[in-house]
Each structure stands twice: as structure tokens, then as C-alpha cells.
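Starting off, we have a lone chain in the form predicted alone, written out as C-alpha cells.
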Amino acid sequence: MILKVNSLTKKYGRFIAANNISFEVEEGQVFGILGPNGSGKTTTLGMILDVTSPDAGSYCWFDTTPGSNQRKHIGSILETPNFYQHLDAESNLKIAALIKDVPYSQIDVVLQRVNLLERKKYAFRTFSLGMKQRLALAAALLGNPKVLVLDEPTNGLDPQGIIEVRELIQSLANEGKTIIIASHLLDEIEKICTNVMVMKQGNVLAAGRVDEILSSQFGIHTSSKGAKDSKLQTNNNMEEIRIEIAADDLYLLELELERLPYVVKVEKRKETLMAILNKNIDNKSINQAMFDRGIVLSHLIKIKKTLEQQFLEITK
């Protein structure tokens, strides 16, 4: 057993941030903690990382008594990446290496792993948010930990940054690392995680395999291939499908989109259009429909709702 958590509770005055939280993480799992903002995800991670002291309950890493030596086997990102703005990537990682008591020779290895080796002499303040997240992952990878604990690793990233971080996490999982990841995005959990714990207002609603839990809790249907291969789709009466779409001629694209029977509305953006659909149409069919009308798309991405939006609809 990698981690066993028993009845962890944290209060701030009368406010209960985490209420009697219990779960288990086995070796090799990608365990997601899923919930809207304010559900207690970060508080829970803070307690198991010994950043926040629980008011009640206990936890155990690697089936042993909690101790400082355990932290050598755990790499973590908690909330916003925190580095010295004026120092370059390499210098910031040297500080992290000193703290972790690992040799500087690992720095280039982890920078290469997160595709930042060519930027190691650039100041942290010049980094994009996606690069900052990847540098935080590099710091977490120093010492080659058995476990990674990641708090909202794709939060605030653009689509390309999300893909880059997601692919890196998936490659680490494929190497056998155990990963615990907190997110408010259903799509992120579905694509990355094998197991999930769903939280709301400091309470655990359910825990188990991704395909089983999301299907039972939110009416989300998955394929029978298992959590990693499943494609989540919400019930039609709960979902509004949105696609972000673009072509060289946005005016013509808008006219043709509005002629499609499943397009409810088309909204203009700066360089793209947002089309609202009344049914779930795959991207290939949309691309073919536009191609048949003489339009070659330059951008097409489906926008899925966050768990917070789902909660509002389910509980209102």
C-alpha cells in the first residue's frame, strides 16, 4: 500500500475544510481527487504532505510510521509553482536539489524530461505559465521519487500547455510511478486517472475506479474498455456541447455552421468561433461537414464542462 488515510479532518474555526476523509492508494495507481474549487482537495493534499496539521485522523505512507525519510520518495506540486523570479531554471533547481540532498547531475536529466533543457539559463520570470508548471514538475522529479502528488497541474494553462503536461504525467504513470492528482476537471481525471475520489464541501462523495464512480455519481457513461480508455459523455439532458472552431474565412464558417441542424448558436470570439451544439457530434464529422462545404478548418476543439458547472446543475 502506498498511502492509507483514515478519517482526516481539518477545521478553520467553524469552517470544516476536510471532514473525516478516508481513502487508499495502491502502487502504480493514478489516483484523482476530483471536486470543485473549495471542496477540500488542496487541504487534503496539504495534510498528507505534512504541510497542514490535521485536527483529527491519521495517514500512513508506504505502510510505515510517518517520518522525514518518507518525503525523499515523494515529489509534489502544491498550489502555485514557487521559485525565485530573478534566478534561471538551473539555479532554481540547484536550490531544490540542495533541499532534497540530490546531486546536481540530475538537473539536466529532469529538465530534458520536461522539455526545458534549452531554457535552463532563462530567468523564471520570463517563463510562460505552462513552462512554470513544467519546471515545478522537474523539481518534483528530482531524486526520482516513487510517488508524485500534483495539485491542479494544468490549472490556467492554454490547450497546448494542458496537452504537454498531461502527456508528461501519462508517460510517468506508464513508467510505474504512483501519482496522486487533484483537479476540478472531469476531462482531466478521465484522461489520466485509474481511480478517483470525488469531494464536495469537504466531504467524500464516493471513491473507486474512474469508470464506475463517474458513471454512478454523475450519470456519465463510459465504454467497457476500462478507465484509461473510456470516453466520458454526460447525459444529453445535462450537457451543452461547445466546440471552439476556426478557419481562414470566419464569416463563411459562421454561415455554414448555422446551417447545420445540430448547431444551436454560434458565438464570435477574437480569432475563433464558439459553436453550441444540441447533441454530441464527434470532431471528425464536424470537420468533414465543413470540408464538404469547401471550408478547411485550422482549429477544432471540444470544450467540456468543469465539474463545478456539473455540480451546479446537479444540485440546484
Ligand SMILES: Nc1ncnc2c1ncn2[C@@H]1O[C@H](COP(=O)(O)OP(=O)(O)OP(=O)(O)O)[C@@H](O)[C@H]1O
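These figures come from a predicted structure and were not determined experimentally. The first residue of the sequence shown is number 1, and the count goes up from there.
Another form, the form predicted in complex with the ligand, is not on view; read the next lines as being about it.
Partner contact region in the predicted complex: 40-48, out of 283-291, 40-48, 255-263, 56-64, criterion any non-hydrogen atom within 4.5 Å of the ligand.
None of the heavy atoms of Ile21 is located within 4.5 Å of the ligand in the predicted complex. In the predicted complex, none of the heavy atoms of Val25 sits within 4.5 Å of a heavy atom of the ligand. Put simply, Glu152 is close to the ligand in the predicted complex: some heavy atom of it is within 4.5 Å.
Counting a residue when any of its non-hydrogen atoms is within 4.5 Å of the ligand in the predicted complex, the hits in 1-38 run Tyr12, Phe15, Ala17, Pro36, Asn37, Gly38.
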